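Only one chain comes next, encoded as structure tokens, the form predicted on its own.
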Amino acid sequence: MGEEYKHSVILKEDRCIGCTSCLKVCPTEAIRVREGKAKIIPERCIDCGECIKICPNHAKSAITDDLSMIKKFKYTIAIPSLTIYGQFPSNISICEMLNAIKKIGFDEVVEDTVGADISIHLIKEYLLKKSDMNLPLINSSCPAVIRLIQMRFPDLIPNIIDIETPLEITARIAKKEASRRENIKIEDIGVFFITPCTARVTSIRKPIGISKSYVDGAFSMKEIYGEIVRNLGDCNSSNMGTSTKESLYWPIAGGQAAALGIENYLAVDGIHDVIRVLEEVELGKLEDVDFIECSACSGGCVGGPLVIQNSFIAKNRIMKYARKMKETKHTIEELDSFIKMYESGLIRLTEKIEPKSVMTLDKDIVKSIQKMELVTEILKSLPGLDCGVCGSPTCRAFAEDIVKGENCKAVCIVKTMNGFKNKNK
């Protein structure tokens, strides 16, 4: 393989004008502007896609897979994100959408509702009732939030729900069933996700909590949309697929908590609001809350950087489908099977989620302390405006960049202008 995969978000330098818009929205200070162009620090990027959404020149993009990948497998399965149901007018049925996706060249289309449904009932009927859980429980379905916790809130790692994402659960079950039904080896079956999310691409290529993803690739919803539109039609519009009311709530902010049917929860969407809530949790101020649903994207997955439709319109359309469906009632036997799947390790996290430190100034602890003191001294001379004109997101980041030797030519424009004004009084 060539260079080690780092993250999905990429920069198209020819389109970048160095406007610093991305600099100001990045939640992990992963972006700098140097010589008039934005630069992404790979180790800091959590693939939240905030920079993609805000860039006025479309200089930020995402690395996803090409449709030609499906030719590498004998049998292929598409798993479209549930957000797909909000991308088309309401007169187009779920059946039509799924049929159009299959016509692209897949042998089978499996709805993400499979994993969402299992997750909902496993959390509700089992995990929330266990006495040894660290409260509040934090949902594990948003990979950008998990990477954020690794980086900025490592003490909250034990609070992350010990269960795979609905996508991974769906992929695992779909592969096993297809292998048995078609008499094909697991390795000959390719599972592909139609994603609204850049972080999901990274979670497939570089998963957290599991050693290897059961998903073999991800296609951008934005890029594959035209192919789906061309194939629409020829389906019984009364067929609603296998989606349930609860699973359709999943990609909408607050939908996971609503599907769980619990009262003592928080639902927070938008990466910066997520940070503010996690800071409260870290300080021990939310120990009376049972469950926190965190979504990096505003509006939930329907607000992902790779969607077509406005998140409010998409939410409205999905809710129309959900209102037509009855609530799911699982038998005791079915719930027992979910618990057995979890306890056997089939659908739970199998790898320890480790903290990810990217804030160290030096590997040598003594030198790191000395450099921290130097950062503090430099900060005293800076205006503290965090304007980003210097190419660093904050004054502290500016001082750290200087001390680390990453911005030796840097000049604080505000400080220079103030000095110029004082000199000419």
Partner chain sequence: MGNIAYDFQIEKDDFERAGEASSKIKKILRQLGIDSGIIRRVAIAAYEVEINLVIHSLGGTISISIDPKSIMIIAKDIGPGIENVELAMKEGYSTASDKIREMGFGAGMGLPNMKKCADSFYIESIIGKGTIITMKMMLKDGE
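Residue numbers count along the first chain shown, from 1. Everything numeric here is computed off the predicted structure, so don't read it as measured data.
Below: the form predicted together with its partner chain, not depicted.
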| query | finding |
| --- | --- |
| Heavy atom distance at most 4.5 Å to its partner chain in the model of the complex, all of D155, E279 and I369 | yes |
| E400: touches its partner chain in the model of the complex, heavy atom cutoff 4.5 angstroms | yes |
| V389 within 4.5 Å of its partner chain in the model of the complex, heavy atoms | no |
| 4.5 Å heavy atom contact, L361 to its partner chain in the model of the complex | yes |
| Non-hydrogen atom contact K285 with its partner chain in the model of the complex at 4.5 angstroms | yes |
| Contact segment among 75-83, 147-155, 343-351, 248-256, judged by heavy atoms lying within 4.5 Å of its partner chain in the model of the complex | 147-155 |
